[in-house]
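Below you'll find only one chain, the form predicted on its own, shown as structure tokens.
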């Protein structure tokens, strides 16, 4: 048994090292976002459009899907998110022209469709709230030092209360969590229904088994 445990520990060692290497320089804050909060999702979509779409895209999402899930009409989502620049059947693409990111930022700007699934909600929320000015007066981020991304929410941070700024970051995080898996709530709701069905089936099978074996002597 000791030999087996020793072999398993050796096999799990690389995984443990990877987990430790994936840690961040600061402790991540809890986003506490709620995918059932439709008002938060709508605010997050508008904030994403106003502050993030100048560089980032959600290429796996279409405006009409966002409208259907967030409770908007087709006209409303075009007005609120696309500002009349896209049709409702188009994907949510960046407004930045090709090549501009490399010229201005020195790097390609990532699509954020799956960022919440890749990094997690807490990472996004903490990242948005971790901008600070270094000794040279330049903006940097405690989560991702040396990031090329500017502090796009600086205006909100300057003119809003800390709670309002935190809520704005939470709303954007909530929207990106939704964009990463639009059908998550449907999947979770279906999961509970499946579990309930299996429990009922278990009871019925148990009663059926008792009925079959009732007249059989053991």
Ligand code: HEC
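Residue numbers count along the first chain shown, from 1. Bear in mind that the values here come from a model prediction, so they are computed numbers and not experimental data.
Absent from the display: the form predicted in complex with this ligand. The rest refers to it.
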Is there a heavy atom of residue 127 lying 4.5 Å or less from a heavy atom of this ligand in the predicted bound form? yes
Taking heavy atoms only, is residue 85 within 4.5 angstroms of this ligand in the predicted bound form? no
Does residue 179 make contact with this ligand in the predicted bound form, using a 4.5 Å heavy atom cut-off? no
Contact of residue 99 with this ligand in the predicted bound form (heavy atom, 4.5 Å): no
So which stretch, 186-194, 63-71, 31-39, 171-179, is the one near this ligand in the predicted bound form (non-hydrogen atoms, 4.5 Å)? 171-179
Since exactly one of 132, 95, 108, 117 fits, which has a heavy atom within 4.5 Å of this ligand in the predicted bound form? 108
Residues within stretch 141-157 having a non-hydrogen atom within 4.5 Å of this ligand in the predicted bound form: 144, 147, 148, 149, 150, 152, 153
